[in-house]
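The data below hold one chain only, encoded as structure tokens and taken in the form predicted on its own.
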Amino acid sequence: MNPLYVISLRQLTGRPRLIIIGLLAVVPVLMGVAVSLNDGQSSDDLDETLIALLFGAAVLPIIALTVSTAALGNDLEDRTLSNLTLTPIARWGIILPKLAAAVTIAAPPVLISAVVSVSLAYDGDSQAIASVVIGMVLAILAYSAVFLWLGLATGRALGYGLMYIFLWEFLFTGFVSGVRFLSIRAYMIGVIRGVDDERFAEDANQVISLPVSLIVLAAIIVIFTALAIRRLRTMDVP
């Protein structure tokens, strides 16, 4: 196992961060419990509230932000990143283990929360659970790549990331449909609805298709990982 990956896992598992992640992951489960006890909520309202807003615009991106900005941001603050860059390790050999560690920490609580809450809300529908898991795995990878790069690009990555999540992913793309093509959340929803187009069916004109969603999410992951590698290669590390 890559030693840098193991070290990064240890760095990212501090108690305060894990507490924050755990509290965020519990919120959708509580909603799933509430929905299972109250059958009055329509399927469309449930999709919008649980999947699009609670997970897509809040829990998932905030957890990815909390972990990914710290993956290299902590090394910058502690001035230990310079030690890494002086070792005979290719820049991609630093970025990829850091990204893998961030995803390893962020994914389990999000996916466990998703499986439990969706099972409760959708009566254990296995296809609904599978579609949500697939969409969220890709979204976690995309957000993690973006926020890992952001952690290198600025010392205020956490603040800028929160502004992006709440102003863009929650407000603008949530209420202005014309800009959904610039939203990771929209492509996550496109994957979920593309994999299970019966449970999560919607007007075809209002949802991004599955092939387009997969291509764009893959492109985001590759592009921002490459940008992080380039940033690490060209920046002056203190």
Partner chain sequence: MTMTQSSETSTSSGVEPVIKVDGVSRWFGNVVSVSDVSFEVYPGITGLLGPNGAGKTTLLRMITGLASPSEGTVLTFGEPVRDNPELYRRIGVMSEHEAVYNFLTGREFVEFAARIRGVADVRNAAAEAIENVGLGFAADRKMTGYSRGMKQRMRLAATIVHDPELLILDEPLNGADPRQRVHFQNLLRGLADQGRTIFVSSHILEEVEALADRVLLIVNGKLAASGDYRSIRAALNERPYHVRIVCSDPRTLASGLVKLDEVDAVNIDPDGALIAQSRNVLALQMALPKLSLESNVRLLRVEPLDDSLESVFSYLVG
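Residue numbers count along the first chain shown, from 1. All of these numbers come straight from a predicted model, not from anything done at the bench.
Form predicted in complex with its partner chain: not shown, discussed below.
In the predicted complex, which of the stretches 88-96, 113-121, 153-161, 129-137 has residues with heavy atoms within 4.5 Å of its partner chain?
Answer to the contact question: 88-96.
May I ask you to state whether Thr225 is within 4.5 Å of its partner chain in the predicted complex, using heavy atom distances?
Result no; Thr225 lies far from its partner chain in the predicted complex.
For Ala107, is any heavy atom within 4.5 Å of its partner chain in the predicted complex, or not?
Ala107 lies outside the contact set for its partner chain.
Is it the case that Ala100, even though its partner is missing from this view, gets within 4.5 Å of its partner chain in the predicted complex, heavy atoms only?
Answer no; every heavy atom of Ala100 is more than 4.5 Å from its partner chain in the predicted complex.
Heavy atom within 4.5 Å of its partner chain in the predicted complex: which residues of 219-236 meet that condition, in order?
Arg233, Thr234, Met235, Asp236, in sequence order.
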